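One chain comes next, on its own, written out as structure tokens in the form predicted alone.
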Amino acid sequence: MTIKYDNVYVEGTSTVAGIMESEGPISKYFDKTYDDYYMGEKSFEQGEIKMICDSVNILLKKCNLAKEDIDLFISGDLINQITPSSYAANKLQINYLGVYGACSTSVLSIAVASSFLQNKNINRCICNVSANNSAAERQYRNPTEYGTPKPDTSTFTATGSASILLSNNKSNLKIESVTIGKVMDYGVKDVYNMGAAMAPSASYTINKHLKDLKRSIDYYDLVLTGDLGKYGKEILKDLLYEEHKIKLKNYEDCGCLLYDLNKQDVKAGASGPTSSALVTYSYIFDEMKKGKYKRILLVATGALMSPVMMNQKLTIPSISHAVSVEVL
């Protein structure tokens, strides 16, 4: 399902990131970085709450706005019952809608906000995503202190929080359309190979987006996926051509852009809901404003699994949502 918009704009963004991200190739584009995974708090989860609040407050300051100027706060994360987002919403005291789409949450939140804005139910909405590597590793796998060895196909949950302010106020970046994906499952069971699990849903959504809008892939100066990593990225290229005869040319994966894969020990690259948002809201949007890209398609990819379902030996379903952003 694809929805077009004619009055939804990007009014501002903010990105805060962790220590590994601060050592990566695009660190200069972040608004703030932290020296450890606690962010001065008592636990990793409380550190994530702080990141969310920091990201929102930085965004408000950059846009010269107060919390009272925001109609809605949409946020999601990876931790059980999206508690970091909800606890942060309690601190922020902005009308709140919690959403969950795993690593596809960034575009899911944009889709929800854009529909409210298109119908003029609201005028301004902040969409936020967050993740803390140490909190996510403890929930989904093993605490990092265990030193559990991982295969090369595994990805590294990106630490950070990214916020985007969408509104009806015209700016030079427009949310042109979104495509809501479909849950896909190609039978992958390996939790250390998220790229293989998520690539099929990305292939479906990209093809669906192009068919719905009667466009070729060349319409976009850049196609971005969320966090397939260096192996999932190649799987997607093969799937798109084999299933839909689409050749990806101007294509990057945010999981491969966030870190230096040759120097940093992150295996196949970044993952998590902040992977796509940290890269796009900072580096890519900056490049768009400079004129390098006029149209981009961001496809946020998410694995819809949980530790309980993995312990029951089930396969990993995935979902991908796409947003088209254009320079005016």
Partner chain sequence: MTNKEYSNLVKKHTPKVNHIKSMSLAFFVGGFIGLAGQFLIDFYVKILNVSISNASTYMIVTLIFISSLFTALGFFDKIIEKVRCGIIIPITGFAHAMTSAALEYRKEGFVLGLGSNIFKLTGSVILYGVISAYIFGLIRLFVIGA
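Residue numbers count along the first chain shown, from 1. No experiment lies behind these values; they were computed from the predicted model shown.
Beyond what is shown, the protein has a form predicted in complex with its partner chain; the following relates to that form.
Partner contact for residue 224 in the model of the complex: its partner chain, 4.5 angstroms, heavy atom
Outside the cut-off, so no.
Even though its partner chain is not shown here, does residue 218 get within 4.5 Å of it in the model of the complex, heavy atoms only?
No, no contact at 4.5 Å.
Non-hydrogen atom contact residue 193 with its partner chain in the model of the complex at 4.5 angstroms:
Yes.
Heavy atom of residue 231 within 4.5 Å of its partner chain in the model of the complex:
Yes, residue 231 sits close enough to its partner chain in the model of the complex that at least one of its heavy atoms falls within 4.5 Å.
Among 69 to 77, 209 to 217, 162 to 170, 182 to 190, which stretch sits within 4.5 Å of its partner chain in the model of the complex, heavy atoms only?
Result of the contact check: 182 to 190.
Does its partner chain, in the model of the complex, lie within 4.5 angstroms of each residue among 62, 174 and 293, using heavy atoms as the measure?
No: no residue has a heavy atom within 4.5 Å of the partner.
To verify the annotation, which of these, 127, 199, 131, 111, has a non-hydrogen atom within 4.5 Å of its partner chain in the model of the complex?
None of the other options qualify; the answer is 199.
Answer option from 33, 43, 264, 57, heavy atom within 4.5 Å of its partner chain in the model of the complex
Result of the distance check: 43.
Listed by sequence position, which residues of 233 to 247 have a non-hydrogen atom within 4.5 angstroms of its partner chain in the model of the complex?
Those in contact are 234, 235, 238, 239, 242, 243.
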